[in-house]
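Presented below, as structure tokens, is a lone chain in the form predicted on its own.
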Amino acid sequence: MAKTLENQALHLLGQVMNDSKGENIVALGMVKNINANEGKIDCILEFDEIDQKKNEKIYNDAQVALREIPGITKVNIITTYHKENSENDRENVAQVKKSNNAGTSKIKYILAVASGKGGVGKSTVAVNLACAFKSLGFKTCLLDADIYGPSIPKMIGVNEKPSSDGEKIETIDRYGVSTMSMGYMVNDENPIIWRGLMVMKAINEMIDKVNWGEADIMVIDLPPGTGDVQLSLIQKINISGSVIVTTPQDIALIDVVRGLKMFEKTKVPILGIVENMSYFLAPDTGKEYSLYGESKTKDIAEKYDYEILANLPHDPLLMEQSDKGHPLTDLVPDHKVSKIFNELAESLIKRLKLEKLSNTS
């Protein structure tokens, strides 16, 4: 049944035209994936140029076409951007990057911190990991790619807007880490209500127009789930490795599998899983208490052949300092949780080096 719906979808999308090229979007190879299941159809459209007006028309036409399929109650279209540069284009891009130092070309390793669902402490892990890398002597960058719900500005206490000379945007440095977030650009009270095309444009600008300079490692705080931002970033830059953050709750672990599958399909190396809120660490006695009963994270890791890199506690001081804008790993380096983050950072650097060696050999 699903296959029949997918064939119907492909046929209908074959009637959606890209007017500027005089051909339909299927023939042009813009339809990258179609998946139908239980009244829902997912589709990935890949654009090769950023023309908001034209791309929105194609997006809307595709929505209308797919809604014509009997039995389909929900249509989810994910938009991505990809452009094959000619040799001259690549030389021009390289020259621009050389002249203004923008972009990520001078960053040695790029680590994506992801989660299948929200509320598992992914941003807390990303911020403290960045501080841990810095404390180990690595020049570190932190990109908050959670466009819809940027939380990094609050976690590191930034209330200012980045400076720009009109060509490139300067990072905001905090606690020895170079940072950038969409949260720097918008008012905290204003929701960001964007379609995939606008999200894609924002991601491109935070990569291409930001003066990241030279660095040993960039930590990217991805939004939860497996949507536009993840796919855009994976196509845009060469991610060295990824870490999946979860909690011991069954509902969180269900989404972990989706995250693992996404990175597997897109050929991004998965370095392992970080279980957050594994236990409650009593501040007075140091005793550990299980919050969610027996964890099943180990079962998931073994089933899909991945390692649990760290088990982080639910620590009141960690939460308190995140709310105050000062990462615990920087504030109290000798704290038990800070030491776990430092050990995790050391392990990840080793894994990133091994991954790089395996790719070159």
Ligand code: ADP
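Computed from a predicted structure; not experimentally measured. We number the residues from 1 along the sequence you see.
Quick note: we don't show the form predicted together with this ligand, though the next part is all about it.
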Mark H326 yes when one of its heavy atoms lies within 4.5 Å of a heavy atom of this ligand in the model of the complex, and no otherwise.
no
Give a yes or no for S295: in the model of the complex, does one of its heavy atoms lie within 4.5 Å of a heavy atom belonging to this ligand?
no
Does at least one non-hydrogen atom of M155 fall within 4.5 angstroms of this ligand in the model of the complex?
yes
Although the partner isn't part of this model, could you tell me whether D315 comes within 4.5 Å of this ligand in the model of the complex, counting any heavy atom of the residue?
yes
Could you tell me which of 147-155, 257-265, 169-177, 199-207 sits within 4.5 Å of this ligand in the model of the complex, going by non-hydrogen atoms?
147-155
Can you pick out, from G241, G183, G103, G121, the residue that has a heavy atom within 4.5 Å of this ligand in the model of the complex?
G121
In the model of the complex, the one of Q249, S135, N276, N211 near this ligand [non-hydrogen atom within 4.5 angstroms]:
N276
